[in-house]
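Taking the form predicted on its own, here's one chain by itself in structure tokens.
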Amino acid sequence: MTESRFINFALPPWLSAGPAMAVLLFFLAAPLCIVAAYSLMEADPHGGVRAAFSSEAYVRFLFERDWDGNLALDGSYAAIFARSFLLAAAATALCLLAAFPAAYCIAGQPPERRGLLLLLITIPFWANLLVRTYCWVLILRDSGLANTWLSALGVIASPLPLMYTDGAILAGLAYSYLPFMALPIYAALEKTDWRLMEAARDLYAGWWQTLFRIAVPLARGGIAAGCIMVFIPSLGAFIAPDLLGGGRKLMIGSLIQLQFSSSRNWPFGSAAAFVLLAAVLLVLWLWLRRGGAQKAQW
């Protein structure tokens, strides 16, 4: 009986990681380098850039030039960034408040029922984001469903101005990214030993005590992942601000999109994208640092 021998070829680490590195370089590093180069060039009035070094795009965030070319402080773009961060944070908090009870209830259901409930959560993904956001226009406009029902019930005498407000944008963002919060929390709670909940109730712990002292700490990883997955897309969203804000309530994504379309200021749009990227990385770094400090305390 012949003995078969197999020869194991051990590839060098740099070669085995080559395909992944090539994908990252081509689809991530190269576009970022192009955007960085555009942000340091002059804008062409007809669109595009001129191959001349200029830092005017970054100066424009906080200053504007008068007729004499002197710099004057301008906080309009800083206000757009501040509004974007506040709306993204509010959308994240709203998604968390809505998604955690839903994920908690689904995780506590029998296994044969969880699949159907998860399917109901993911159904909105089957429709285009633009279509789903436009549905909120039909709900919130003066002759929409919300004002029609409130008027029929006698709650209001005239239509409420629901459209083109921060509240409308917040509703659109929370609705768009709610599944991104629910699914990670469910994945964390689904692995939980539910006997811990029963033990807490046997020890006369109330529902709120069981929730905040056992369920929430056990789902901390899913909550963190969900918050990141909702906060970052909300920060760069431009469909909801355009449709539900009507161009009156700009966010960072809308500002960047305008620079590459109607304003034709590619350097400023690239600079805005880089400032957004730096802000997101700073927030994530602070979050991870805070999480590491908390683990060290534990």
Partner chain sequence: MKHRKLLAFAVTAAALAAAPAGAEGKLYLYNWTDYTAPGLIEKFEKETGVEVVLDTYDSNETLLAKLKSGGGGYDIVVPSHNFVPILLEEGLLQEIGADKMPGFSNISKAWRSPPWDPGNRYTVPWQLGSTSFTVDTGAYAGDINTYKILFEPPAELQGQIGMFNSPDEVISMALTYLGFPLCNENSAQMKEVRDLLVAQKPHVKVYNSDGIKDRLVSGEVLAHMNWNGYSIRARDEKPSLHYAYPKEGVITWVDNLAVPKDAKNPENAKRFIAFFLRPENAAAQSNFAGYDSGNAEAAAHLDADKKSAPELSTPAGAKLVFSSSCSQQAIALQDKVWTEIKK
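What you see is a predicted model; the values in this text were computed from it and never measured. Residue numbers count along the first chain shown, from 1.
Separately, the form predicted in complex with the partner chain exists; it is not shown, and the next lines address it.
Asks: I'd like to know whether residue 81 contacts the partner chain in the model of the complex, with contact meaning heavy atoms within 4.5 angstroms.
Replies: No - in the model of the complex, heavy atoms of residue 81 and the partner chain never come within 4.5 Å of each other.
Asks: State yes or no: in the model of the complex, is some non-hydrogen atom of residue 166 no more than 4.5 angstroms from a non-hydrogen atom of the partner chain?
Replies: Contact with the partner chain, no.
Asks: Is there any non-hydrogen atom of residue 134 lying within 4.5 Å of the partner chain in the model of the complex?
Replies: Taking the distances in the model of the complex, the answer for residue 134 is yes, it comes within 4.5 Å of the partner chain.
Asks: Within 4.5 Å, heavy atoms only: does residue 250 come near the partner chain in the model of the complex?
Replies: Residue 250: contacts the partner chain in the model of the complex.
Asks: Based on heavy atom distances of at most 4.5 Å to the partner chain in the model of the complex, which listed stretch, 136-144, 166-174, 86-94, 150-158, is the contact stretch?
Replies: Correct option: 136-144.
Asks: Listed by sequence position, which residues of 263-288 have a non-hydrogen atom within 4.5 angstroms of the partner chain in the model of the complex?
Replies: The stretch 263-288, when checked against the partner chain in the model of the complex, contributes 263, 264 at the 4.5 Å heavy-atom cut-off.
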